[in-house]
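Next come structure tokens for two forms of one protein chain, structure 1 first, structure 2 second.
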Structure 1
């Protein structure tokens, strides 16, 4: 330039480059606005809208496809007969029916994360521990929730009367077998918060499950199942517990006093938010017999940024999420 020197231009990055190079400061810049808004455009307490389709897998006893944002899963239920005579250690007489479901292993979830479901699950990568951890969490919640009545999984036989029976004794009913439900859950797209989507898929698939009419044939000494769909019975769930997960983003660092740090609770975190958050909280809310909803289970993982106030906020939002889900999963 004539009569002067050119002013240096500032270094500016595009939104996508800023987010990729410094994801933490990028999210922090959004949250520190006068009206905090997340990088995905949602407010702090906004959940993604779920969609559910059931009965898509024709060769399973029950199935569901659940999509929450860009996280999508498929769940299929496969019912198999477990003969009582094949149980190596029968449950004790003191065991309750709910304990017997766990002891007999009648609910068997298996979670798989498909290749390509997220950037961290590329072809050739070793299997991650995430699928195994999610399988354990689903199994634990199935046993805690006591969703299924053991009587619905029994295959019983009424023995014919004999000369040794006492006159005042009624017919003797024995359990010859149980239905074992294998829940195969495949995550086909993962954009954060897989647990909520997986659990919703398990609930929806169990609601959709139909068990064939089965009985004990004493002549052939085996369980026989009817091929007629009209004779099948739909599995009944006692209640519909809903899981809501939250992530905590904090500005805390080793060189900053804890009192100076800020933290935000983000409902239903996506994959980008999970990568920069330091703590997660999962709240499971349910209601039985049309009573007021209550907290069934609470899990926390990570640092110590969630106090009484933040935990109360998570529980309050989880209760609201439970009400919202009833029209989706219970309709």
Structure 2
């Protein structure tokens, strides 16, 4: 009041109550300390360590269970046969092989979030915007990265020589069918940052995939496969891109001056941080043909606080994460 020498005493609630009542200022108080730390105890650029288990599902050609902190996802890869004669519009001859994988639609990822993984994702509704967006992001990243060689997915047949063939022509090799890979990803538990975990799951499951040896049977006019594991081939991925997501927490508000706003970039946000952060940055780093690491994809949306300096920092952290993950995923 008039003298006002005594500082107002702090409110004495528990941490959990503060976090529930005012999540924004709670996080801000953590970040504004001399040594900034996040509400979950991690430093600003610390990622959660992942755990990956592959091959646990018996009915899938490949499977992976990925746990990053409290986020857990299960990915199963199923291979089915698409006959070339069934394709209504065959791709044109001048499209490259990588484009053909996309045009034929041989990779079908689907993300299912309505499994009760968090209170906001309960079943009974059609896929939410987030689930559809994640499915599409994974599909576009799979095609951009050109992970799978079309030759691995082809089922070819060498036609026997007939009388009409010219004598010096080689045997004709015709593609009779293609393998279509259904990548079904289910989210068991969600604690923020679904995209990194989903992408890691898809990658590990594809690495773990075994395709049976298949051939065209001209008598039965169908594709027949061999059930022996010794004749199956493992899918080869060209390279291993790793995704890293960052969230940006800022104190900007319409009533304050722009220059007064502070912002912090948080690596691998969890559910609590995602709720208070608007801006996100997502970086996918890969290393093609053992060359230098390169950035495959860069996405930033939600705000304008990340400038060139912060973006450079994010990319550096993503490169570091790529190196850390090589041991886990196993190149």
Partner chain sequence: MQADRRRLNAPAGGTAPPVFAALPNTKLQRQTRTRKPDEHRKLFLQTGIVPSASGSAYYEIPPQSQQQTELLVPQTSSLKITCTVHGPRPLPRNAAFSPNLLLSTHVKFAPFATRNRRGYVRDASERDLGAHLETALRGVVIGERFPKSGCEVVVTVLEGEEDGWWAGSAEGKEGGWGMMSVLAGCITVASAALVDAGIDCVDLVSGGVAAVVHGAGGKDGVLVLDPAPSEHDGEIRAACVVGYLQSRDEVTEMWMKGDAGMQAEQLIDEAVKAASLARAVLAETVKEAAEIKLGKGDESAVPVNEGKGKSKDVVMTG
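If you superpose the two forms and keep the largest set of C-alpha atoms that fall within 1.5 Å, you have the rigid core. Keep in mind that this is a model prediction, so the values were computed, not measured. Residue numbers count along the first chain shown, from 1.
- Between the two copies of this chain, it is structure 1 that is the form predicted on its own.
- Annotation for residue 233: C-alpha shift under 2 angstroms between structures 1 and 2, rigid core superposed.
- In this overlay on the rigid core, residue 151 has a C-alpha that sits less than 2 Å away from its partner position between structures 1 and 2.
- The Cα position of residue 128 differs by 2 Å or more between structures 1 and 2 after fitting on the rigid core.
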